[in-house]
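Single chain ahead, written as structure tokens, the form predicted on its own.
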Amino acid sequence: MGFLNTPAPYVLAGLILYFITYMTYSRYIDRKIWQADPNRPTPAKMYFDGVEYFPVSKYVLFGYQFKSVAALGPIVGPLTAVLFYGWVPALLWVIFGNMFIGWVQDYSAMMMSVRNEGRSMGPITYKLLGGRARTILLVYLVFYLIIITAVFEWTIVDVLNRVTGTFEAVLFVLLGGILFGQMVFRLKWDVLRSTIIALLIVLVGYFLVAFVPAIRVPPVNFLDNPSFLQQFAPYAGGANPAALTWPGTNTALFWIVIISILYFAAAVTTMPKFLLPTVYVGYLPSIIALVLVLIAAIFSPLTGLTIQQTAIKALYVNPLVNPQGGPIWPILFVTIACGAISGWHSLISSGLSSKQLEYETDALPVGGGAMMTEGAVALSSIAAMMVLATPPAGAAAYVQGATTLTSKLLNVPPIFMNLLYGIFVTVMGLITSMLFVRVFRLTMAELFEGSILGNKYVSTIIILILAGFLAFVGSWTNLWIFFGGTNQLLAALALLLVAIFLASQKRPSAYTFIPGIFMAITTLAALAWETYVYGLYALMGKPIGVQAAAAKIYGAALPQVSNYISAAFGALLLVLGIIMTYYLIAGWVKYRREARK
């Protein structure tokens, strides 16, 4: 029983099943369904422009793809699911969801885009289903990207504020990324040498912050008076309110402005100069930190760390007690919004990475392999949560759990590992959310072609203002739940779109259509539930969670208005999702009939 009472057997089981899936099922699909051909020219070679289209080594592109798709979702989602429902339901969904749905979406969306000249989902939808379906999809994406940016923005603000020194270390990651881009794309240095130099820069930043405490500035809540923050004590759950992050404060506004500047640069500069190399270099410390947690979990029988969480806690969580709760189906499947499957990945696979794929045969290791690796992130998150008896809220639980596992294994002071995982969580969120803003800018350009709203500067400023406002007033708390539902619904739409494309090519499509239907039913049910719950909170005039802090500063009306807006967002996205699902199913039936003639 001792071995079974540690995270080791469950993490090992997940990793082995992922490996078997990659070596058998995914290779079968690659060989039999798509028939990937290394001699067929890819869009990166056919339309080379050095800005959006350019071939990249599969090793670099894997790092870019992994860091682009693996953000805070596979960390925060499993943590929350374990907290609400127990670690067994969370573990089962992370393992089997990824084996049969997650990698299927990422890889298939990439191949669909490659076979369509590197086009994103919008133009492919137009080609297969017409202009109305394309417009509905793009409108859906606009609202989805505002939501996802707001929730990530706040989570990053919280870590930057509470783990001092994280921002300085992240600056070294960004510097390493910029220099890596110059070395590889401008000076034409080889990837290995450039990677080593970039990694050294990242390590210099980490050790500098770790061993020179004096440079860990600014301190927590440095723009707000501690006595002012004491008024939030009733909402702090017994913790010191001066050590937490609160919506509506000057410090929160400062970090939102800093993050917005980085978002703006990522959205308007050319890919090789900033975004692609930065994402790749951000992947380097992330993968090191991830591997350390997995090893520490596997060796937990030797370090003596046992499972502190309940295996199965509840099948229903009352949303009036916890607004993020609900019935285990469908809420668990959207609470873990990444790690098992994520709609965001389809945008990366089809809109960005497909334009840099050097060979068609790279799609499986890049698209499918990166998703399997993200599954490992989710496993590490569950393991980190397992060893905590009283975990803190949000991403901080991952920092604490990972620190507990690794500091015990390496026998080093927890402060060093705490800083490493603070950087890990920030990089995971910041680097990926820079992509949200860029994809929003590209989506607006498609939706408002020829209009001022499609201008890259105007559209970028629009999302920065909207997402920044929602993060600042605390609306991210309820938007996080909508993020899960909308994100997973986007995955369903992507799977169904791939099924239509395969049917149009007279190829087998059941392997994406069946998971697509399951995800569509599940996520539409989740969106309906979430809209009901948050509409109820708005009608009751009751603030949600830390919104109480913003209500205390600016009055109860402000969060109530934002809750009405959030409920309206949910209703709109639910209607759009139902219409889009109808179009996709009808399209699949139509192409299947034509294929049989």
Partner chain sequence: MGILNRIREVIEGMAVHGQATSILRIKAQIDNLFMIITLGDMLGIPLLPPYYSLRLLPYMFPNIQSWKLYMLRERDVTDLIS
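Residue numbers count along the first chain shown, from 1. Source: prediction; values computed, not measured. Basically, rigid core = biggest C-alpha set you can superpose within 1.5 Å across the two forms.
The form predicted in complex with the partner chain is left out here; the points below concern that form.
Not one of Pro247, Ala471 and Leu558 comes within 4.5 Å of the partner chain in the model of the complex, counting any heavy atom.
In summary, among the residues Ile29, Ala538, Val56, Ala550, the only one with a non-hydrogen atom within 4.5 Å of the partner chain in the model of the complex is Val56. In summary, among the residues Tyr359, Phe100, Phe185, Phe228, the only one with a non-hydrogen atom within 4.5 Å of the partner chain in the model of the complex is Phe185. Looking at Leu442, you'd find a heavy atom of it within 4.5 angstroms of the partner chain in the model of the complex. Using a 4.5 angstroms limit between non-hydrogen atoms, Phe180 touches the partner chain in the model of the complex. When contacts are judged by a 4.5 Å heavy atom cut-off, Asp224 does not count as touching the partner chain in the model of the complex. Taking the partner from the other structure, the partner chain in the model of the complex has a heavy atom within 4.5 Å of a heavy atom of Leu347. With the partner left out here, the partner chain still marks one of 90-98, 322-330, 116-124, 420-428 in the model of the complex; by a 4.5 Å heavy atom cut-off that stretch is 116-124. Of the residues in 257-279, those that come within 4.5 Å of the partner chain in the model of the complex through at least one heavy atom are, in sequence order, Met271, Pro272, Leu276, Pro277. For Ile341, a C-alpha deviation below 2 angstroms is recorded between this form and the one not shown after rigid-core alignment. In this overlay on the rigid core, Gly176 has a C-alpha that sits 2 Å or more away from its partner position between this form and the one not shown. The two forms, fitted on the rigid core, differ between this form and the one not shown by less than 2 Å at the CA of Thr406.
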